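Heads up, the chain shows up twice below as C-alpha coordinates, two forms, tagged structure 1 and structure 2.
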Structure 1
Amino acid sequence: MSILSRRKFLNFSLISSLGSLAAVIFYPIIRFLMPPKTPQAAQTEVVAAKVGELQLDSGKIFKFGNEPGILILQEDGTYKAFTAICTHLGCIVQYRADLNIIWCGCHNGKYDLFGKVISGPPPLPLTEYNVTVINDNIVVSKKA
(Lines of atoms letter the chains of each structure in order from A and count residues from 1; the text may use other names and numbers.)
(Lines give C-alpha, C1' and ligand atoms only; values in the text may rest on other atoms or scores of the structure.)
Protein backbone atom coordinates (compact mmCIF):
# COMPACT_ATOMS: atom_id res chain seq x y z
CA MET A 1 0.00 0.00 0.00
CA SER A 2 1.53 3.26 -1.07
CA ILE A 3 1.14 6.41 0.86
CA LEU A 4 0.47 9.57 -1.10
CA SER A 5 3.48 11.82 -1.03
CA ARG A 6 3.08 15.37 0.15
CA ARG A 7 3.79 16.75 -3.36
CA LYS A 8 1.12 14.53 -5.00
CA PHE A 9 -1.39 15.45 -2.33
CA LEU A 10 -0.77 19.17 -2.83
CA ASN A 11 -0.99 18.82 -6.63
CA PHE A 12 -4.25 16.90 -6.32
CA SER A 13 -5.67 19.48 -3.91
CA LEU A 14 -4.63 22.37 -6.14
CA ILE A 15 -6.10 20.85 -9.31
CA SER A 16 -9.33 19.94 -7.50
CA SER A 17 -9.63 23.45 -6.10
CA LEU A 18 -9.02 25.07 -9.51
CA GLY A 19 -11.56 22.75 -11.14
CA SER A 20 -14.15 23.61 -8.50
CA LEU A 21 -13.43 27.33 -8.89
CA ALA A 22 -13.83 27.09 -12.68
CA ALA A 23 -17.17 25.29 -12.28
CA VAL A 24 -18.42 27.90 -9.79
CA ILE A 25 -17.44 30.73 -12.15
CA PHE A 26 -18.49 29.31 -15.53
CA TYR A 27 -21.70 27.48 -14.63
CA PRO A 28 -23.71 30.69 -13.98
CA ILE A 29 -22.29 32.28 -17.13
CA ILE A 30 -23.31 29.32 -19.27
CA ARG A 31 -26.77 29.20 -17.68
CA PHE A 32 -27.17 32.93 -18.36
CA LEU A 33 -26.28 32.53 -22.03
CA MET A 34 -28.66 29.61 -22.61
CA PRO A 35 -32.31 30.64 -23.16
CA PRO A 36 -34.74 29.28 -20.60
CA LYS A 37 -36.96 26.42 -21.63
CA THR A 38 -40.50 27.74 -21.61
CA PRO A 39 -43.36 25.34 -22.14
CA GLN A 40 -45.37 25.79 -25.32
CA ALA A 41 -48.72 27.39 -24.70
CA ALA A 42 -51.51 24.86 -24.96
CA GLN A 43 -53.48 27.15 -27.25
CA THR A 44 -55.39 25.18 -29.87
CA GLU A 45 -57.35 27.97 -31.57
CA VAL A 46 -57.16 31.71 -32.05
CA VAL A 47 -59.14 34.46 -33.77
CA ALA A 48 -56.76 35.40 -36.59
CA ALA A 49 -58.80 38.18 -38.20
CA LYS A 50 -62.25 39.61 -38.76
CA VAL A 51 -64.25 38.94 -41.93
CA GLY A 52 -63.54 41.74 -44.39
CA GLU A 53 -60.16 42.59 -42.85
CA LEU A 54 -58.21 40.90 -45.67
CA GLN A 55 -58.42 41.83 -49.33
CA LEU A 56 -58.82 39.08 -51.92
CA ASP A 57 -55.52 37.40 -52.80
CA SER A 58 -53.69 38.72 -49.72
CA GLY A 59 -52.15 37.41 -46.52
CA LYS A 60 -51.81 38.42 -42.88
CA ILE A 61 -49.40 37.34 -40.14
CA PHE A 62 -51.10 36.58 -36.81
CA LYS A 63 -50.00 35.21 -33.42
CA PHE A 64 -50.80 31.59 -32.66
CA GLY A 65 -49.64 31.08 -29.09
CA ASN A 66 -45.88 31.72 -29.06
CA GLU A 67 -45.51 31.37 -32.83
CA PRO A 68 -46.60 33.38 -35.84
CA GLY A 69 -49.11 32.06 -38.33
CA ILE A 70 -50.09 33.24 -41.79
CA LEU A 71 -53.68 33.60 -42.97
CA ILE A 72 -54.33 33.82 -46.71
CA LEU A 73 -57.54 34.89 -48.45
CA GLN A 74 -57.37 33.26 -51.87
CA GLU A 75 -58.86 34.64 -55.09
CA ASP A 76 -61.80 32.24 -54.82
CA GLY A 77 -62.71 33.63 -51.38
CA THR A 78 -61.46 30.67 -49.31
CA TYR A 79 -59.10 31.01 -46.37
CA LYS A 80 -55.91 29.04 -45.78
CA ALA A 81 -53.72 29.18 -42.67
CA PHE A 82 -50.26 27.81 -41.97
CA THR A 83 -47.48 28.24 -39.49
CA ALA A 84 -45.43 31.26 -40.60
CA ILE A 85 -42.11 29.73 -39.60
CA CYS A 86 -39.95 28.46 -42.46
CA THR A 87 -38.83 24.89 -41.93
CA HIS A 88 -35.31 25.70 -43.13
CA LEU A 89 -33.94 28.18 -40.57
CA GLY A 90 -37.03 29.50 -38.79
CA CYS A 91 -37.47 32.77 -40.71
CA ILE A 92 -40.93 34.30 -41.06
CA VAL A 93 -42.61 33.55 -44.38
CA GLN A 94 -44.93 35.86 -46.29
CA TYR A 95 -47.59 35.53 -48.97
CA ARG A 96 -46.58 36.66 -52.46
CA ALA A 97 -49.75 37.45 -54.40
CA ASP A 98 -47.79 38.14 -57.60
CA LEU A 99 -46.47 34.54 -57.61
CA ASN A 100 -49.41 32.97 -55.72
CA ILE A 101 -46.99 31.29 -53.27
CA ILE A 102 -45.81 31.47 -49.69
CA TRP A 103 -42.25 32.77 -49.78
CA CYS A 104 -39.34 32.84 -47.35
CA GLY A 105 -37.01 35.75 -48.03
CA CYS A 106 -34.04 34.33 -46.11
CA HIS A 107 -32.98 31.78 -48.73
CA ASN A 108 -35.73 32.07 -51.36
CA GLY A 109 -37.74 29.11 -50.09
CA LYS A 110 -41.09 28.70 -51.85
CA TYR A 111 -44.20 26.86 -50.72
CA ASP A 112 -47.45 26.29 -52.60
CA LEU A 113 -50.85 27.12 -51.09
CA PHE A 114 -51.02 23.63 -49.59
CA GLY A 115 -47.82 24.26 -47.62
CA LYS A 116 -45.70 21.91 -49.75
CA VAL A 117 -42.16 22.90 -50.73
CA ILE A 118 -41.91 24.06 -54.35
CA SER A 119 -38.25 25.07 -54.39
CA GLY A 120 -35.40 26.25 -52.22
CA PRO A 121 -33.75 24.78 -49.16
CA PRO A 122 -36.75 24.11 -46.84
CA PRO A 123 -36.71 20.39 -45.97
CA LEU A 124 -40.31 20.05 -44.77
CA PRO A 125 -43.73 21.49 -45.65
CA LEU A 126 -45.46 24.13 -43.53
CA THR A 127 -47.95 22.94 -40.92
CA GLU A 128 -51.47 23.69 -42.11
CA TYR A 129 -54.19 24.84 -39.73
CA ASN A 130 -57.96 24.54 -39.90
CA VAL A 131 -59.86 27.73 -40.72
CA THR A 132 -63.50 28.32 -39.80
CA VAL A 133 -65.62 31.45 -39.93
CA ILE A 134 -67.74 31.95 -36.81
CA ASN A 135 -69.96 35.04 -36.92
CA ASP A 136 -67.51 37.77 -38.04
CA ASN A 137 -64.40 36.02 -36.69
CA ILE A 138 -61.94 33.95 -38.69
CA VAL A 139 -60.89 31.22 -36.26
CA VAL A 140 -57.72 29.24 -36.88
CA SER A 141 -57.18 25.96 -35.03
CA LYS A 142 -54.66 23.15 -35.03
CA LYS A 143 -55.51 20.05 -37.00
CA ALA A 144 -56.26 16.99 -34.92
Structure 2
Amino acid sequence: MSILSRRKFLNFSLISSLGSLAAVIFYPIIRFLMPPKTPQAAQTEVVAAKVGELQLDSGKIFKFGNEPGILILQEDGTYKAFTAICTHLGCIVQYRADLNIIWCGCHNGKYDLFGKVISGPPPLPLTEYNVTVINDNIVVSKKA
Protein backbone atom coordinates (compact mmCIF):
# COMPACT_ATOMS: atom_id res chain seq x y z
CA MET A 1 0.00 0.00 0.00
CA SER A 2 1.49 3.33 -1.02
CA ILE A 3 1.16 6.22 1.35
CA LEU A 4 0.96 9.74 -0.05
CA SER A 5 4.42 11.21 0.44
CA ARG A 6 4.94 14.63 1.96
CA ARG A 7 6.42 15.85 -1.38
CA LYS A 8 3.42 14.64 -3.40
CA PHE A 9 1.00 16.15 -0.90
CA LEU A 10 2.75 19.53 -1.05
CA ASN A 11 2.90 19.45 -4.85
CA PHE A 12 -0.79 18.58 -5.02
CA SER A 13 -1.68 21.35 -2.56
CA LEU A 14 0.42 23.89 -4.41
CA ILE A 15 -0.93 23.01 -7.86
CA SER A 16 -4.55 22.92 -6.72
CA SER A 17 -4.12 26.24 -4.89
CA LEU A 18 -2.59 27.86 -7.96
CA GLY A 19 -5.30 26.32 -10.13
CA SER A 20 -8.00 27.72 -7.85
CA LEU A 21 -6.31 31.12 -7.85
CA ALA A 22 -6.20 31.11 -11.67
CA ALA A 23 -9.88 30.11 -11.81
CA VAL A 24 -10.83 32.87 -9.36
CA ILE A 25 -8.98 35.41 -11.52
CA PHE A 26 -10.03 34.22 -14.98
CA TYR A 27 -13.66 33.23 -14.38
CA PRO A 28 -14.85 36.82 -13.76
CA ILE A 29 -12.72 38.07 -16.67
CA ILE A 30 -14.22 35.56 -19.10
CA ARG A 31 -17.75 36.28 -17.85
CA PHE A 32 -17.03 40.02 -18.14
CA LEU A 33 -16.02 39.58 -21.80
CA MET A 34 -19.36 38.00 -22.73
CA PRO A 35 -21.94 40.81 -22.90
CA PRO A 36 -25.15 40.48 -20.85
CA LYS A 37 -28.35 39.63 -22.70
CA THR A 38 -30.65 42.61 -22.93
CA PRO A 39 -34.31 41.57 -22.71
CA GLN A 40 -36.41 42.54 -25.71
CA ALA A 41 -40.16 42.55 -25.95
CA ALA A 42 -41.07 39.99 -28.61
CA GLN A 43 -42.64 42.04 -31.39
CA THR A 44 -45.02 40.08 -33.60
CA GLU A 45 -46.35 42.84 -35.83
CA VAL A 46 -45.36 46.27 -37.04
CA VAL A 47 -46.62 49.03 -39.30
CA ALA A 48 -44.16 48.72 -42.17
CA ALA A 49 -45.46 51.60 -44.31
CA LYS A 50 -48.48 53.71 -45.17
CA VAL A 51 -50.72 52.96 -48.14
CA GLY A 52 -49.44 54.94 -51.13
CA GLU A 53 -45.94 55.26 -49.72
CA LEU A 54 -44.44 52.69 -52.08
CA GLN A 55 -44.51 52.96 -55.86
CA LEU A 56 -45.58 49.93 -57.88
CA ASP A 57 -42.72 47.44 -58.41
CA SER A 58 -40.53 48.75 -55.59
CA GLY A 59 -39.34 47.74 -52.14
CA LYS A 60 -38.69 49.27 -48.73
CA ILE A 61 -36.64 48.25 -45.70
CA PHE A 62 -38.52 48.58 -42.40
CA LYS A 63 -37.67 47.98 -38.76
CA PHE A 64 -39.15 44.84 -37.27
CA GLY A 65 -38.01 45.09 -33.64
CA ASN A 66 -34.23 45.12 -33.85
CA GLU A 67 -34.12 43.47 -37.24
CA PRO A 68 -34.69 44.72 -40.78
CA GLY A 69 -37.57 43.48 -42.94
CA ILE A 70 -38.32 44.12 -46.61
CA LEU A 71 -41.74 45.13 -47.94
CA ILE A 72 -42.36 44.84 -51.68
CA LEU A 73 -45.26 46.27 -53.69
CA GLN A 74 -45.56 43.99 -56.70
CA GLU A 75 -46.64 45.04 -60.19
CA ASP A 76 -50.11 43.55 -59.61
CA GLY A 77 -50.60 45.80 -56.57
CA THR A 78 -50.17 43.11 -53.91
CA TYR A 79 -47.71 43.33 -51.04
CA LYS A 80 -45.06 40.82 -49.96
CA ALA A 81 -42.84 41.00 -46.88
CA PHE A 82 -39.81 39.00 -45.77
CA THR A 83 -36.96 39.23 -43.32
CA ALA A 84 -34.31 41.39 -44.98
CA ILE A 85 -31.41 39.42 -43.51
CA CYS A 86 -29.64 37.31 -46.13
CA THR A 87 -29.39 33.70 -44.95
CA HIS A 88 -25.79 33.52 -46.21
CA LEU A 89 -23.81 35.92 -44.02
CA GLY A 90 -26.39 38.33 -42.67
CA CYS A 91 -26.20 41.27 -45.11
CA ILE A 92 -29.35 43.32 -45.80
CA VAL A 93 -31.09 42.37 -49.06
CA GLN A 94 -32.90 44.72 -51.46
CA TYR A 95 -35.57 44.53 -54.16
CA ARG A 96 -34.25 44.72 -57.72
CA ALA A 97 -37.08 45.90 -59.98
CA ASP A 98 -34.89 45.41 -63.09
CA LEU A 99 -34.56 41.68 -62.35
CA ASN A 100 -37.81 41.25 -60.40
CA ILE A 101 -35.94 39.52 -57.58
CA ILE A 102 -34.71 40.08 -54.02
CA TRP A 103 -30.95 40.50 -54.21
CA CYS A 104 -28.05 40.57 -51.75
CA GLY A 105 -25.20 42.92 -52.68
CA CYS A 106 -22.61 41.13 -50.55
CA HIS A 107 -22.18 37.82 -52.38
CA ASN A 108 -24.72 38.05 -55.20
CA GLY A 109 -27.41 35.90 -53.56
CA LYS A 110 -30.74 35.94 -55.44
CA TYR A 111 -34.21 35.09 -54.11
CA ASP A 112 -37.56 35.00 -55.96
CA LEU A 113 -40.64 36.80 -54.67
CA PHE A 114 -41.58 33.76 -52.59
CA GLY A 115 -38.26 34.05 -50.72
CA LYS A 116 -36.82 30.95 -52.38
CA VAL A 117 -33.14 30.93 -53.39
CA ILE A 118 -32.70 31.23 -57.16
CA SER A 119 -28.90 31.34 -57.26
CA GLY A 120 -25.80 32.32 -55.31
CA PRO A 121 -24.51 31.12 -51.95
CA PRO A 122 -27.52 31.55 -49.56
CA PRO A 123 -28.29 28.15 -48.02
CA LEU A 124 -31.89 28.87 -46.92
CA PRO A 125 -34.94 30.83 -48.16
CA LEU A 126 -35.99 34.16 -46.63
CA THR A 127 -38.69 33.91 -43.96
CA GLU A 128 -41.94 35.35 -45.28
CA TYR A 129 -44.26 37.56 -43.19
CA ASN A 130 -47.99 38.16 -43.43
CA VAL A 131 -49.08 41.50 -44.87
CA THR A 132 -52.47 43.03 -44.12
CA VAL A 133 -53.77 46.48 -44.93
CA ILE A 134 -55.64 48.00 -41.98
CA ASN A 135 -57.13 51.42 -42.74
CA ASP A 136 -54.14 53.44 -43.97
CA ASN A 137 -51.49 51.15 -42.55
CA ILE A 138 -49.62 48.26 -44.08
CA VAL A 139 -49.19 45.87 -41.17
CA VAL A 140 -46.59 43.12 -41.31
CA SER A 141 -46.83 40.23 -38.86
CA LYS A 142 -44.90 37.06 -38.21
CA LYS A 143 -46.50 33.86 -39.48
CA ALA A 144 -47.71 31.55 -36.73
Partner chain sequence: MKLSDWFFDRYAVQSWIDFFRKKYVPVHKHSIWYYTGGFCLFLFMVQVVTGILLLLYYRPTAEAAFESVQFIMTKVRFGWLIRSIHSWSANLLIGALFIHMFAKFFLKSYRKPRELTWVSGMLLFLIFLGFGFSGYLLPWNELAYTATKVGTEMTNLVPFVGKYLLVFLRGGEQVSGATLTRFFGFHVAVLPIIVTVILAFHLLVIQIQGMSVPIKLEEHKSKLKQLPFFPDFMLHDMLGWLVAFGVLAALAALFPWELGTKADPFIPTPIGIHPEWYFVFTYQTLKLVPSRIFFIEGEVLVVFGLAVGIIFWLLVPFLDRKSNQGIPAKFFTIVGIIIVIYIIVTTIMGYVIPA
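By convention here, residues take numbers in order along the sequence of structure 1, the first being 1. All figures in this text were calculated on a predicted structure; none of them were measured in a lab. C-alpha atoms forming the largest set that superposes within 1.5 Å between two forms make up the rigid core.
Peer 1: Please state whether structure 1 or structure 2 is the form predicted together with the partner chain.
Peer 2: The form predicted together with the partner chain is the one given as structure 2; the other form is structure 1.
Peer 1: Look at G90 and decide if its Cα position differs by 2 Å or more between structure 1 and structure 2 after superposing on the rigid core.
Peer 2: Shift at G90: below 2 Å after core fit.
Peer 1: Once you line up the core, how about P28: does its CA shift reach 2 Å between structure 1 and structure 2?
Peer 2: Yes, shifts by 2 Å or more.
Peer 1: If we fit on the core, is the Cα of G19 displaced 2 Å or more between structure 1 and structure 2?
Peer 2: It does, since the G19 C-alpha is displaced 2 Å or more between structure 1 and structure 2 after the core fit.
Peer 1: Rigid core superposed, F9 Cα shift between structure 1 and structure 2 in Å?
Peer 2: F9 C-alpha displacement between structure 1 and structure 2, core-aligned: 9.2 Å.
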